Ligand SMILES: NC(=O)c1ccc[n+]([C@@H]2O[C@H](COP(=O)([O-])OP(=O)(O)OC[C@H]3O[C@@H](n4cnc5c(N)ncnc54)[C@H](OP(=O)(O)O)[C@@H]3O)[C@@H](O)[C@H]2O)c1
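The chain below stands alone and is given in structure tokens; this is the form predicted alone.
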């Protein structure tokens, strides 16, 4: 699709990747419906984009908490009213640390935002999208949706699920006018990564891309609707190898294990024997 013909619903619009993507889309001629949870941040972003010279008539925003069914229906209704033909599922929550350190609330929030919310929004939008002559669903996942790393068990669970959902839906809709795509960025230099993750990345030699690299990849997917794309090396190669023979990589992550925050339940040395 020519981006100038795209009317894009972009979730997670106020985050680092979201803001870079909004600018790239507008620069390419697309109209964009920005979505996120905060009215204030969406309004500020919209105003900032206009002051940067982007056409105000191609910028709309609507706040929605996709954990709530009513907000999901309202966002789908607004995207339908504006005849959006591209949906970029970009909203997400991080989760880093040993599994025993993560609370039930964290598990539920991450899986709700990273997996269930895009599934539900997609289901709500499908009747509209299938009536269009050309439509695209793009799921912004992660390289960790194809490579399970120590410290990212819950985050990977959501992204593996999102990738599986996109893959199955792509095959389900193969005879329709709706293209389904998955983008797997590697670590990205945004506020999404807290200081613990930044330290982990430094200790493990994990490279980070600027958010503009992800935005450029999203534009490329709109122009050339391949089903799946990963970013970065060696992440791209590791994703393919892990899909073929995951156990081959099991011994490759010692440094990652050793770079995790210490476990509060880690065994300590036994007390000396009394004599």
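Just so you know, these numbers come straight off a predicted model, no measurement behind them. Residue numbers count along the first chain shown, from 1.
Below, we refer to the form predicted in complex with this ligand, which is not included among the displayed structures.
Novice: Using heavy atoms only and a 4.5 Å cut-off, decide whether all three of 167, 181 and 242 touch this ligand in the predicted complex.
Specialist: No: none of 167, 181 and 242 comes within 4.5 Å of this ligand in the predicted complex.
Novice: Exactly one of 156, 85, 193, 122 has a non-hydrogen atom within 4.5 Å of this ligand in the predicted complex; which residue is it?
Specialist: Exactly one listed residue reaches within 4.5 Å, namely 193.
Novice: Of these, 74, 199, 93, 99, which has a heavy atom no more than 4.5 Å from this ligand in the predicted complex?
Specialist: Filtering the options by heavy-atom distance leaves 93.
Novice: According to a 4.5 angstroms non-hydrogen atom cut-off, is residue 67 in contact with this ligand in the predicted complex?
Specialist: Yes.
Novice: Would residue 138 count as touching this ligand in the predicted complex under a 4.5 Å heavy atom rule?
Specialist: Result no; residue 138 lies far from this ligand in the predicted complex.
Novice: Check residue 185 for me: does it contact this ligand in the predicted complex (non-hydrogen atoms, 4.5 angstroms)?
Specialist: Residue-level check for residue 185: yes, a contact with this ligand.
Novice: Is there a heavy atom of residue 212 lying 4.5 Å or less from a heavy atom of this ligand in the predicted complex?
Specialist: Contact with this ligand, no.
Novice: Pick from 139-147, 122-130, 100-108, 77-85: which stretch has a heavy atom within 4.5 Å of this ligand in the predicted complex?
Specialist: Single hit among the candidates: 139-147.
Novice: What residues in 1-27 sit within 4.5 Å of this ligand in the predicted complex, counting heavy atoms only?
Specialist: If the 4.5 Å heavy-atom criterion is applied to this ligand in the predicted complex, 1-27 yields 12, 13, 14, 15, 16, 17, 18.
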